[in-house]
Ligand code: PGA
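Next up: just one chain, as structure tokens, the form predicted alone.
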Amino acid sequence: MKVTFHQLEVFECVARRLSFTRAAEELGLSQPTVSTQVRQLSDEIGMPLFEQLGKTVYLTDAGKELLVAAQAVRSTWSDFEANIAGLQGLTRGTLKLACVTTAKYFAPELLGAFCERYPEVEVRLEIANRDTLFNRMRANLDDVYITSLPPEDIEVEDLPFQENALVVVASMRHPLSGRRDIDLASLAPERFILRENGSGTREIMENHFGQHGFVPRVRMEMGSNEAIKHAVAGGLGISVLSRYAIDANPAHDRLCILDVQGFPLYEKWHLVYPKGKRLSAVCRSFLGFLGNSLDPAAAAGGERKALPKKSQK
């Protein structure tokens, strides 16, 4: 087969966006050009890569197989370019970072500071829920991943870094607002608005509640911190969120942080990548940039050591 990188790039973009129009916009090409590249690729392979039902575009089985191969080729070539730059003593290339949705509140600042030091580096940031993030990890689509809890079914290098404090939030008008040293029993009548099952924040919260024999009454589940904040501010219930998800002044979100016994829950964010993965020069520079905020033993490639938690109130 005579297949070019350009054809694979165009195909991968169409497959990711499931739209020839949006792919053309992203690539800066005309839609006829995109269609021609995909048609030529399909002819070379000898099977259709997409099918269209109405206005909706779907990948065929052959298209799904090619997407996996195209992503692998792109990842391998990107790593090659970064490693060659490293051999030349240059810090340039692409850093591919993926993080869970709550980490979006601090990840851009980390990347911004990193890019100030290494202006030749291109950054790609993907934000996804935890399940999608781990699927990306299985497909080896990114360099490193930020999550509140590492995966249990994937062997990873785990580098704990900065603190993740979980707090109980309520509407500013809530009767418990301003009350000190609230015990969990006082929350028994409350309705909780929680992240979806599979969320790291929810898992940490449920583990803590389980250790104390407390079962929250769940009113609703939502997949977005912003949606939860609006629901809590509207008086629909209380929640447990990362402090990063709340404004420095909670009143700006029409929220208050309740002084509940055992909270904040102090955990760590985790920077992880599959065990055995060969890190690019850019990725190694990023880990070096994070420096002292990483677990030193893990950053050196040794066994992970448990980091002491702050004492809880």
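The structure displayed is predicted, hence computed values, not measured ones. Residue numbers run from 1 along the displayed sequence.
Same protein, other form: the form predicted in complex with the named molecule, not shown, and the subject of what follows.
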property: Site check T102, S148 and T201: each within 4.5 Å of the named molecule in the predicted complex by heavy atom; result: yes
property: Contact segment among 191 to 199, 212 to 220, 114 to 122, 151 to 159, judged by heavy atoms lying within 4.5 Å of the named molecule in the predicted complex; result: 191 to 199
property: Partner-contacting position among S171, T94, S75, N129 - heavy atom within 4.5 Å of the named molecule in the predicted complex; result: N129
property: F286: touches the named molecule in the predicted complex, heavy atom cutoff 4.5 angstroms; result: no
property: Residues of stretch 151 to 178 in contact with the named molecule in the predicted complex (4.5 Å, non-hydrogen atom); result: N164
